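There is one chain below, alone, in structure tokens, taken in the form predicted on its own.
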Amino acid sequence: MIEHSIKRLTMEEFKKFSRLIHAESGIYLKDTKLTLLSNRLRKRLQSLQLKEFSDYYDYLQGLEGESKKKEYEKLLDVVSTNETYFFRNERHFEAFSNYCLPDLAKKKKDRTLRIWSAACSTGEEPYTIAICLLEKIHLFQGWDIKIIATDIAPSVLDFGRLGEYSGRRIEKVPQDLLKKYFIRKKNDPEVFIVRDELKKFVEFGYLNFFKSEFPKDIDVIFCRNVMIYFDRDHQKRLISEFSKIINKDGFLFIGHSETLHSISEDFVYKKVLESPVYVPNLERK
């Protein structure tokens, strides 16, 4: 079996891959992540029937065009972290539902609403956003509404499009909302399928923060627990790009452990219903 004959990832090889991954995605891997990277890259080596990590690195270096694009997507897919669940950090969604949405309903005159789940993973975040939105849909009758859900890992996008969840992923969905917006899977009652009325609002697509074009005219950006994987320069670049595409009355949600302090003055901190939220700094707009 190829699996047992793959040689260990050396520190020298680790540094080569970490530089490559950093250049392609902005993801910064500390030396302590050697074992983690080794375990995740092993999947690609097994798939390609390669015995050494250096062979895979050379393989990547030799690719061009569409083949290179596809393999680099697979590389970033296996190294990405995609741990999430519905209503993760409930206070964010309380602020979004009870302050941000009513505020946008009052202020926006063009009757369009664009919400971006910028690292959507397996879809729990954009579908939670859609649930919150449908609970306030009376504020947006006749509006053009879209939730844009993007991620750097193609496999999680497929999972999100399928929209089937179970176990820990749905534990925090209130029972009334679970009954309202999900259907039990016929041959597996432990699995809940997102209803079409939610799916119709969510558009999944691939996006690399440092290689792809961003969506435009965004009212709310959710980019939570993402910047922790980037170095300071890439954090600054990302927030600068966010400031260019968010509308003046918009809102930016980042992770509770993250901050824009000393990173950007394009947004200012605002405490909304006990939740930290950032809004555009209109003095710099």
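The first residue of the shown sequence is 1; numbering continues from there. Nothing here was measured: the structure is a model prediction, and the numbers come from that model.
Although not depicted, the form predicted in complex with a small molecule is the subject of the following passage.
Listed residues Ser54, Asn247, Ser38, Asn225 were compared with the small molecule in the model of the complex; Asn225 is the one with a heavy atom within 4.5 Å.
Taking a 4.5 Å heavy atom cutoff to the small molecule in the model of the complex, the contact residue among Cys100, Ile129, Ile152, Ala149 is Ile152. Only one segment in the set 59 to 67, 45 to 53, 239 to 247, 226 to 234 has any non-hydrogen atom within 4.5 angstroms of the small molecule in the model of the complex, and it is 226 to 234. Within this chain, Ile183 is remote from the site of the small molecule in the model of the complex, having no heavy atom within 4.5 Å. The shortest heavy atom separation between Ile27 and the small molecule in the model of the complex is within 4.5 Å. In the model of the complex, at least one heavy atom of Arg88 sits within 4.5 Å of the small molecule. In the model of the complex, the small molecule sits beyond 4.5 Å of every heavy atom of Phe159.
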